[in-house]
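In structure tokens, one chain follows: the form predicted on its own.
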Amino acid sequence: MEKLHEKVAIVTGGGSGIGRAIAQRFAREGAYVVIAGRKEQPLQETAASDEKISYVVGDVTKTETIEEIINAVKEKYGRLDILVNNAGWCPVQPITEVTIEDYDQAFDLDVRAVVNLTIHALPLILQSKGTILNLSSTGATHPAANLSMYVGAKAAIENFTKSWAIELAPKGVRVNALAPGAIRTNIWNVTDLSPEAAKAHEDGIAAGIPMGRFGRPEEVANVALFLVSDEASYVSGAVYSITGG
């Protein structure tokens, strides 16, 4: 039995990493998935893996892109059951080097875009009594050096999640969040660090994980599937840690 039979989902950042894994897992469970991102090629690659996945190319920090995503869902399916706010950016910089432009970039994508898309998607989510899943990070509660812009943004996401869960529960809408730890995705390849410094950064993180390894995007997708499915019908306002211990 497909756990998401004929449900309709939006997954931002669906071209790679956790977003791709979530989109593919949802599609295998019977959902129609609309993914979004800035680069068409990775979106095409994700969509090519399953006929139930389609995509919108655009920057989700722009309202016009968000409107295009919502309009695509309305025109193609006429409903929306699941919103996954996954797209994010993780700058690795000490505060002594951070500029206000770095802050703007991190919070525009990691916070403002989440709020904006949620606002636009909410009428459809309320109609279907659907579910919202936000991507936080273990860093929101266990901050690390050189990640202040990212962990600050994710702390906001966790509090939005809990507040929205309280507000929307009487309307039949559930809101939860995932808090992954170190997951092997492309996010580790887009820092401003040199290859040597990036490797040292990764090694230091892996050394502190009880399971001794980075997680896989598929392992995050497994938890995402549970939280948006009817199996989690009494779960709302939760932040699920996926950290290898």
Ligand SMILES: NC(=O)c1ccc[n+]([C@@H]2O[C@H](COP(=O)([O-])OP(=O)(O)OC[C@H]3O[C@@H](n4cnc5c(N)ncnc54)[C@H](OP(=O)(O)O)[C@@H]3O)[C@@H](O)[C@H]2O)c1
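Numbers for residues come from their place in the sequence shown, where the first is 1. Nothing here was measured: the structure is a model prediction, and the numbers come from that model.
Although not depicted, the form predicted in complex with the named molecule is the subject of the following passage.
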| query | finding |
| --- | --- |
| Candidate stretches 96 to 104, 128 to 136, 74 to 82, 159 to 167 - the one whose heavy atoms come within 4.5 Å of the named molecule in the predicted bound form | 128 to 136 |
| In the predicted bound form, the one of 16, 236, 229, 24 near the named molecule [non-hydrogen atom within 4.5 angstroms] | 16 |
| Proximity of residue 87 to the named molecule in the predicted bound form, heavy atoms at 4.5 Å | yes |
| 4.5 Å heavy atom contact, residue 109 to the named molecule in the predicted bound form | yes |
| Any non-hydrogen atom of residue 33 within 4.5 angstroms of the named molecule in the predicted bound form | no |
| 4.5 Å heavy atom contact, residue 53 and the named molecule in the predicted bound form | no |
| The named molecule in the predicted bound form reached by all of 38, 59 and 185, non-hydrogen atom within 4.5 Å | yes |
| Sequence-ordered list of residues in 148 to 182 near the named molecule in the predicted bound form, where near means a heavy atom within 4.5 Å | 150, 154, 180, 181, 182 |
